[in-house]
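Presented as structure tokens, the chain that follows is alone, the form predicted alone.
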Amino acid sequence: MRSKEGQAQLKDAVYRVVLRNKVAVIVIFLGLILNFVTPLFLTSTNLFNVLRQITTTAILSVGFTLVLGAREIDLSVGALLGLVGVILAKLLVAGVPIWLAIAIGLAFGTVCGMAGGIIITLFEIPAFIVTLATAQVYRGANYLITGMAPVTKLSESFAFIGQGYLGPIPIPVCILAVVFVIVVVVVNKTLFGRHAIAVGGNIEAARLCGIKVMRVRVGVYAVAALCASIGAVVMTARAASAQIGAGQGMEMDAITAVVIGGTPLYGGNANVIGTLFGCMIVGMVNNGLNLLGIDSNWQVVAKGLLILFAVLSDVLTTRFYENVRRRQTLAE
């Protein structure tokens, strides 16, 4: 009898470990497949390329995780990233010191995120509509400021932020690590993070418990905008220029990575570690398609399929685990 109970407990533990870390399992499985298809994939040079390529998306997605965790949506982060990059580049070309230009860019982006959050919460307008509208505003402002021409000739000292190394580690990866740790701490160890998840789980219950819902909702948009602005610094420095189309479609990359990482679209949970693995999956798929010489347009199709796969796998694995627990309970 005890042996049966022990086997049931072991099986339950295995299910829990696999299901909670399914995105890590997918990363390993996908890596093995891509290495079989193209031996160049698991070379150290290519893996570092993948890591560098996903840094901007990962910084953006880490902040976006908190937005989805609070049951919100922000379709403007990609356009905001592009606009902050343009403003930053214009300031640098005008001779503004690097540290001041970066501070202004980060402050501007954060204020934009807060403004969008205030409009959403104060007037109770669907976030989808507000952020879609502000995305158009940011993109139009980008076109007006640049005159439809990229901003180039940025200094080497600024480009070092995106192209340099701290020992063997690329500086963008170091920046990602810092942002990642801070957001993990905010989500898991602070009152704000717990309140954001509570609001995402049940906004009315959170309000009845005394949580300042408006502050929390505005706060998550501010965090997402700040992360987008940091991503703008990294992207602009890496390219040593601000491109007109920078950030376009990156909100879809963020949604894909966050959902694949295990943060549900209906809120109540924020898996920041999973988001990082989700970014790796998106980056691995894009890199694998490039190595195979497949048309880049298929990457857009792949991202859409990845979102569907993530949502379906989350629903099916959750149901499977619940059924297993139910059977074990009945057997006992």
Partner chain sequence: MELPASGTAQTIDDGKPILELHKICKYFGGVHALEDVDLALYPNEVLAIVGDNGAGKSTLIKTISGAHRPDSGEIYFQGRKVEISNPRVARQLGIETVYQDLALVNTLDVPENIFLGRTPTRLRWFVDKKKMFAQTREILERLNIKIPFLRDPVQNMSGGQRQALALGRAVAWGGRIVILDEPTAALGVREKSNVLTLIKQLKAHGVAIVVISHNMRDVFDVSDRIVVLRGGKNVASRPKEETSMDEIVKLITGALESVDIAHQD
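Not measured: the values here are computed from a predicted model. Residue numbers count along the first chain shown, from 1.
Form predicted together with its partner chain: not shown, discussed below.
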Problem set entry | Residue stretch of 94-102, 186-194, 112-120, 133-141 approaching its partner chain in the predicted bound form, non-hydrogen atom distance within 4.5 Å | 186-194
Exercise. Considering Ala246, Ile87, Ala198, Val179, which brings a non-hydrogen atom within 4.5 Å of its partner chain in the predicted bound form?
Worked result: Ala198
Exercise. Taking its partner chain in the predicted bound form as the reference, which of Gln163, Thr146, Ser241, Asn202 has a non-hydrogen atom within 4.5 Å?
Worked result: Asn202
Problem set entry | Any non-hydrogen atom of Gly268 within 4.5 angstroms of its partner chain in the predicted bound form | yes
Exercise. With the cut-off set at 4.5 Å between non-hydrogen atoms, does Ile171 touch its partner chain in the predicted bound form?
Worked result: no
Exercise. Given that the partner is absent here, does Ile129 sit within 4.5 Å of its partner chain in the predicted bound form, heavy atoms only?
Worked result: no
For this session: Flag Lys212 as yes or no: does it have a non-hydrogen atom within 4.5 angstroms of any non-hydrogen atom of its partner chain in the predicted bound form?
Result: yes
